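Below, in structure tokens: the form predicted alone, a single chain.
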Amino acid sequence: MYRLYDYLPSGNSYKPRLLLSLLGIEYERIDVDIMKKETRTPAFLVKNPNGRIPALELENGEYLWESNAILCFLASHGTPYMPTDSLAAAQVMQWMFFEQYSHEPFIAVARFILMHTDPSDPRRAELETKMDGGYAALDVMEQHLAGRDYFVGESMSIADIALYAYTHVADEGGFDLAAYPGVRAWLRRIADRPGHILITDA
């Protein structure tokens, strides 16, 4: 059985938790509180030397970390969430790289700042830049979703899961999705999937 080292509020941890639920795979969830620096302990650093969650302990005792790498591993065993066509698979990776470089550093970080700092914290000065970057990512997503239901092909893939994780809680980072009807419709489609769980579901 897999063990997922997880922190419930984290969108990055939510990605594999959501995919495991969609696939109906049983696993053991182990809570690691990043606010108490539990990912920086010697015991955890053996699991992930980068000191971050999530980390997935495999049945053979090896550890896999980085949320999108975990998604690729879980989806690549004959599931509908990773295309077999080489171009479609590359397009899935394209959007997952976009999520990590152009989306998560803005939307996720703005959310973290608002949720975990007080108004006097110096990090609040970063918010304007984070908001600009986040809205730029949402613009790209809205344009791409015009006339299509999912990011790659005709069905949901791990690209959608990667982008859904922080987009569906973007309001917690101060983002207003009112001007993004395509994104909002896409969020509803994913939320309606059998096996969907909330980010707060253990």
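Residue positions are given as counts along the sequence shown, with the first one as 1. Fair warning: this is a prediction, and the values are worked out from it, not measured in the lab.
In what follows, reference is made to the form predicted together with another copy of the chain, a form of this protein that is not presented.
Taking a 4.5 Å heavy atom cutoff to another copy of the chain in the predicted bound form, the contact residue among 150, 65, 27, 135 is 65. Mapping the unseen interface onto this chain, residue 90 counts among the residues with a heavy atom inside 4.5 Å of another copy of the chain in the predicted bound form. In the predicted bound form, residue 120 stays away from another copy of the chain, with no heavy atom inside 4.5 Å. Although the partner is absent from this view, residue 100 contacts another copy of the chain in the predicted bound form, with a non-hydrogen atom inside 4.5 angstroms. Contact annotation: residue 113 falls outside 4.5 Å of another copy of the chain in the predicted bound form, judged by heavy atom distances. Contact annotation for the candidate site: 49, 69 and 104 all lie close to another copy of the chain in the predicted bound form (heavy atom within 4.5 Å). Contacts between 141-155 and another copy of the chain, taken as any heavy atom within 4.5 Å in the predicted bound form, involve only 143.
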